Structure formats: C-alpha cells, structure tokens
Ligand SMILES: NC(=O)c1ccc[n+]([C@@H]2O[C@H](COP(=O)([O-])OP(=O)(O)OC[C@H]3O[C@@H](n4cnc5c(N)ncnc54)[C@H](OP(=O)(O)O)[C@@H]3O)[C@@H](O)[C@H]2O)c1
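Before any questions on binding or motion, here is one chain by itself as structure tokens, the form predicted alone.
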Amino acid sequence: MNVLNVAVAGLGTVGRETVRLLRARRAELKERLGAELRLVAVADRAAEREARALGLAASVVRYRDPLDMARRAEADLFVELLGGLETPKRFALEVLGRGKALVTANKRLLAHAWPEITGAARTGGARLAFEGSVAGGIPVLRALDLSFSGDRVLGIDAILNGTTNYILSRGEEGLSPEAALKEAQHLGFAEKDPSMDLSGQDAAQKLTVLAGLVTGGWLKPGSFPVAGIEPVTARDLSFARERLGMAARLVASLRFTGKPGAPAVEAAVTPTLVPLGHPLAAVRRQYNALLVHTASAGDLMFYGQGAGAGPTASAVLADVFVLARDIRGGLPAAAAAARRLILTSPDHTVSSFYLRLEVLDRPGALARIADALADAGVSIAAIHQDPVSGRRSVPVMIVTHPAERGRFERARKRIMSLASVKPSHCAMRMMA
C-alpha cells in the first residue's frame, strides 16, 4: 500500500492548519512512512471557499455535508475536526461502522459519547486516535496508552485549560482577572464565550478522556465535583502568594484504585493552591501540564502549549501518521474490552483548605464561623482579617488544618447560611 487516502471534516482554525501541515510535510511523512498520505476529500459548510483559500487541487472532493463524506469518500483515514457533539457523533459512528480509521480532537464528543464511540470502534474493527483532544500538542495520551503499559498509573494532577491558567498566572503579575481574560481573548488563547473554561467544564471533559484511556471505562460528565475560577479574585492571588507562598491553579485530578478488571477512580476539577516550589506552580500563561504519578517510574511531568491551531494540528497529524503506520504494518486495531468504572467519592480526601469570606462587622460573627468549622471537625490553622475602613463587611481569610473534603464542605455550607456572611466567597483546597 503505497498511498493512504485521508479525508478531513471541518475546516475551521484547526482543520485548516491540519490540512496545511499535511501538505507542507508531505515529502517528509512519505519518507518516514514509506507511503504517501494523500488528501482526497474535505467537508465543511463553506468547503468550496475554504478549499480555494487553501489552494487545494480540483481532485480533492469537496463536501458540504460531513455525513455524506463519511458515507461516500474513498479514504483510509478520516479526521473529525467539526466541533460540537451530535454531528461529530454521527460522523464518527458512520466512519467507525465502515471499519475505517478515525482521528478526532473533539473532547466533548469523547467525554459525552465514550461508550458509543469506543464500542463502535471495537465492533467495526476500526482504529481510533484522539491525542489532540487533551492538552493540545503534548503527547501525553500516547504515553499513557503505550509508554506506561509496563507500569501502573496511580494518579494524575493536571492543568488542562490554557485560558484559566493565563488568567491566574497573569493575575499573580498584577493584572485583574477581567483584564487578563480580555488579553487572552485578544491573543487568541480564550474563546469569545469563555464560560466553559472559567467554569471548569472544559477541563472536566478532558479529565473524562484521560480516565477513559487509563481505565477503559466511562467517567460520565457531571458525575464528579467540578468548580471553576470565577470566585478567585486578585485579593486571593496576592494573599496566597505573599502570605502562604502558594499559587492558584485550576487543577484536574484523578486517583486510580481497584483492580484492572474493575477499576475505581476518584475525580475532581477545583481551583487549588499549590506551593511555589511545586512543578504545577511553574506552569504559566497558556501552557498546560500533566503530573503523572506511577507505581514504578515515579512522578513524570508533561508540559507544553495546550491549545491553539498549531499544537492541536500537530497532535492530529501525529495520530494520522501512527494509524497510517499501523495500517501499513497490518497491525490489528486495538480492541480493549469495555469496563465498568467505579466512581469513588473525593469526600474522604484529606487536605488543608483556604476560605475567603466577606463578613459583616458584627459582634460574634467570627466566633460563629469558628463554631461551624469546629462542629464539622475542621480546625483553623490561621485566620487573617484585612482592616478596611468605611465598609460594613470585611474580607476574612481562613486556612484550615488538614481535613476531609466532605467535612470542610459541610462546614462551608453552614457558614454560607450565616446572616453575617455575604454570598461572595472563595474556597480552594491546598496541595501539600
């Protein structure tokens, strides 16, 4: 097989860059692969216009409907870069049902349709790769899938969202969160609508993909705690850095237990304070990082740009190359058995916590807050009150001794019900 035909669905920012890279590196890829990767079809609502802008030959078939391309295109490998959920899902199921290889960078598709997509790949004997769906150009998925096959992954702590990391790290440099977001949008690191990023949902979708890859099971979105960075203010960032020697990061965490046939996972996405000497504290601006904890190799760090057309297209093209190599070598498609994933609660996980409150200046207000913590079995390690003249409420920063997350959450719920405490507050776990 001297030629492998490739079809690309979606000519947005990443799709255009993928096509550009595929053509620009054609000679190098042919030399390494021993076969030509030939673009034979593209699909996009504006396929004709985009094809002309990319300078594609007339022999490259244009489809306005990606499902039409999935059914008709004579391709060995299909690339899905459409975005969204329903149309990409139908596209993927059609391609995999034909037994064709599929590359996708769609984290939402994988997070919400993991059982269907992986099941279709097994049933159709099809190849599936999705390196670009998590952490852009960082080759962590292939490492988890192959490089750790002789090891056991115990857990992952990761910064998976470049927008939130840009806002938090620029905030440490004195920029307000609002100004940092505008700057990130201007530079192309943040979406016009950043709600998925700021709420932690983008990182949560990527976390489900990581869990599925490691365990073979489905970590259903919405089944584990997710909190974003909206409550984190400049005051929190400066207090953490100057008083606590810590940096705020949105950390997505997984812990794996159980047996290979019945894996168990604990998952959470939360704003977290990490010591300034911790590897994740050094991850700044739009960069992503994954700290992988393994049984034999110890802790391993993966670091790089987690978003943008270049890094993602690079990961997509790497997937295309690997699947093409496997097809040429006649290797069977991976067909790992589906596993039932046991989700364990993070409520028993122990850490210290940071809590910033807006407390009305009333007698006994702090005592009632302390009582709520004590009644839940959470002890105070330090308490700081900023003197603010001319205000009816004052910011109060509390750091707890290590406590179970469930106990802290019960205390926080009671504290927020107190008449002397305003709704605006910030809570972050503290990483040792």
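Here the structure is a predicted model, which is why all the values come from computation and not from measurement. Start at 1 and count along the sequence shown; that's the residue number.
The discussion below concerns the form predicted in complex with the ligand, not included here.
How about residue 11: is it within 4.5 Å of the ligand in the predicted bound form, going by heavy atoms?
Taking the distances in the predicted bound form, the answer for residue 11 is yes, it comes within 4.5 Å of the ligand.
Non-hydrogen atom contact residue 106 with the ligand in the predicted bound form at 4.5 angstroms
Yes.
In the predicted bound form, residue 124 touching the ligand (heavy atom, 4.5 Å):
Contact check for residue 124: no, nothing within 4.5 Å of the ligand in the predicted bound form.
I'd like to know whether residue 81 contacts the ligand in the predicted bound form, with contact meaning heavy atoms within 4.5 angstroms.
Flag for residue 81 set to yes.
Candidate from 368, 52, 45, 384 lying within 4.5 Å of the ligand in the predicted bound form - any heavy atom
Contact check passes for 45.
Would you mind picking the one in 87, 201, 314, 286 that has a heavy atom within 4.5 Å of the ligand in the predicted bound form?
It is 87.
Candidate spot 66, 132 and 308, all three in 4.5 Å heavy atom range of the ligand in the predicted bound form?
Checked in the predicted bound form: all three residues contact the ligand.
Candidate stretches 373-381, 22-30, 37-45, 393-401 - the one whose heavy atoms come within 4.5 Å of the ligand in the predicted bound form:
Result for this chain: 37-45.
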